[in-house]
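Below you will find one chain, with nothing else, as structure tokens; this is the form predicted on its own, and questions on how it binds or moves follow later.
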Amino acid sequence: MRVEISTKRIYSDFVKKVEEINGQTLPPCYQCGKCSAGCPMSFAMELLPNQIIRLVQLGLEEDIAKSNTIWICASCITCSLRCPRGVDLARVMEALRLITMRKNIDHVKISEIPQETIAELPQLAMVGGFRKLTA
């Protein structure tokens, strides 16, 4: 994938919105990969957590939106604790989810979940999942 890097892209409204919501700037990340190495959910992600940070830094909102990573993130904060530069990646993931949800894009259709599955799932998991995955 070829990406044209420009100041317009790096200082885009998307990057500013992510920084505004999560309360930190993103340039400190230098792609050491410790966040991805410690992530217990990375096996199920299309893009690793450090790749998401790089895409945010580059202002590539569309590429992030195509990925399942922000929805797979368990918000366990392991990535944030491991970061040697103090980037709170868990807050970045939450900011990305909020930005997506504000666009009213649903990633889970409640009507498509089998009744047997709903009966077996803990209520807290259901509420947390719907909060995370629906607008």
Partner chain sequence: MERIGVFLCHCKLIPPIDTGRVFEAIGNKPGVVYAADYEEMCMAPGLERVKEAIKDEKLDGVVLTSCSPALYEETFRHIVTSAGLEGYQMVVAELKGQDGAKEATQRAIEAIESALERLRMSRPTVSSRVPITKRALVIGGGIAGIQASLDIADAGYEVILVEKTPSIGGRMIQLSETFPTLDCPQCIETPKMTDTGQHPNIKILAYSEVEGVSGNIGKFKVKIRRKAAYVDWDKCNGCGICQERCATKALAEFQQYLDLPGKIAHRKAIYIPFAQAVPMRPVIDREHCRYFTKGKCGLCEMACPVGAIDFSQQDSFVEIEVGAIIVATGFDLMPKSEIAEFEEDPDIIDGLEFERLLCPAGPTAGKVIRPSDGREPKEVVFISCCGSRDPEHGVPYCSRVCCMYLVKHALLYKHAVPDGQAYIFYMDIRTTGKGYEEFIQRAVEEDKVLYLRGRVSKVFRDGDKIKVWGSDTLTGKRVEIACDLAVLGMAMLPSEGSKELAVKLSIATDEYGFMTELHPKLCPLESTVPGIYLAGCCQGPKDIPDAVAQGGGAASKLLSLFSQDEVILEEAAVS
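In this text, all values refer to a predicted model and were calculated from it rather than measured experimentally. Positions refer to the first chain, counted from 1.
Note that the form predicted together with the partner chain isn't included here; everything after this is about it.
Checklist entry - Heavy atom to heavy atom, is A37 within 4.5 Å of the partner chain in the predicted complex? => result Flag for A37 set to yes.
Next on the checklist: Would you classify C83 as touching the partner chain in the predicted complex, given a 4.5 Å non-hydrogen atom cut-off?
Outcome noted: C83 belongs to the contact set for the partner chain.
Checklist entry - Does A65 reach the partner chain in the predicted complex, with heavy atoms at most 4.5 Å apart? => result Taking the distances in the predicted complex, the answer for A65 is no, it never comes within 4.5 Å of the partner chain.
Item to check | the partner chain contact in the predicted complex: T100, any heavy atom under 4.5 Å | outcome: Output for T100 is no: heavy atoms all beyond 4.5 Å of the partner chain.
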